[in-house]
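The form predicted alone is given below as one chain in structure tokens.
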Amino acid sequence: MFKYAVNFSKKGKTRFIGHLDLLRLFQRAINRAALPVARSTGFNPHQLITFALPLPLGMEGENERADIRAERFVDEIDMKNRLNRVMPEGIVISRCRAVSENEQAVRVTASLYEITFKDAFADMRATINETLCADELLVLKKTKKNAAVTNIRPDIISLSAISDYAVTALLSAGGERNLKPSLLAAYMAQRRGADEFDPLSATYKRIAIYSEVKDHNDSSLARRFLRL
């Protein structure tokens, strides 16, 4: 069995495709591309394809990752081209890379987002400095079961200005800790003086996903996080 890491972008109208529908889209594309995908065993076998981290509905993604297992070797460039020929507009495969079957399963720990506000901040960099210098940032974090005041400061790994309208933010993501960019955007809007945050006053794009390198001697972000 062969394992491939597939990087792709999801933009335009396809950002409104939910995660389960995206999985079905990939399954149909793999069939149309006639790729020798491996299947699970059992009563109801399914294609062996997994996504590193589901992309929220309505959010664009520039460097998403899916892992596909194949029954036999396929040239990486050939796989990329065959998939792109059958993908709908908005989904583009940027790279297919064969990886070792013994490679550990992808464990996402952070995501890089671009947050763009509808209105400009009077001084975006001052707002960012206040955010990063704070000991704690308390926001109301809602889940399916409850809502609680939570300190989101430990989940902001880095934050920098693109312009008076936009920032890039590296935030905790994955199973153990996860910070939605909308919560950070709401906090920044409140720091600017907004009484109530309008969800439509900002848009979000996931630029990349990362796993954290546990054994490292360099504290720089480039060494601490590995882009998937």
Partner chain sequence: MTLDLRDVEKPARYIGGEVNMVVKDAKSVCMRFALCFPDVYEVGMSHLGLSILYFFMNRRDDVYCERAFAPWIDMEARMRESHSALTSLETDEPLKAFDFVGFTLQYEMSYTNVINMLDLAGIPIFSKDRTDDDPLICAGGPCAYNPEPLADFIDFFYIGEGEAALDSVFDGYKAHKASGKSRREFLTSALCDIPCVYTPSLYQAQYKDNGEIEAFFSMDGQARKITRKAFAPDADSLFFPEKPLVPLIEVVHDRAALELFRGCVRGCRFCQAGYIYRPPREKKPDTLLNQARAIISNTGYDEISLLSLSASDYSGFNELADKLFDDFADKKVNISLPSLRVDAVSLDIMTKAQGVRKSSLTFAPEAGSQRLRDVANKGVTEEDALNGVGLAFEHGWSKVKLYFMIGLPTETEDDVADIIRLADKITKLYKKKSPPLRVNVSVSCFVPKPFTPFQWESQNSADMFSDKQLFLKSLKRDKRISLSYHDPFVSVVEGVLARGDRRVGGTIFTAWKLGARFDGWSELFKREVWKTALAGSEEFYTLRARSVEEILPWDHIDVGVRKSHLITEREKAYDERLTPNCREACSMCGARELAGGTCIV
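Positions refer to the first chain, counted from 1. Computed from a predicted model, the values in this text were never measured in an experiment.
Heads up, the form predicted together with its partner chain isn't pictured, but that's what we're talking about next.
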Assert contact_stretch over 156-164, 184-192, 27-35, 170-178 against its partner chain in the model of the complex, heavy atom within 4.5 Å, equals 27-35
- Is there a heavy atom of N63 lying 4.5 Å or less from a heavy atom of its partner chain in the model of the complex? no
Handout entry: 4.5 Å heavy atom contact, G58 and its partner chain in the model of the complex
Key = yes
Mark I17 yes when one of its heavy atoms lies within 4.5 Å of a heavy atom of its partner chain in the model of the complex, and no otherwise. yes
Under a 4.5 Å heavy atom criterion, is I68 part of the interface with its partner chain in the model of the complex? no
Across 30-52, the residues having a non-hydrogen atom within 4.5 Å of its partner chain in the model of the complex turn out to be N31, R32, R39, F43, N44, P45
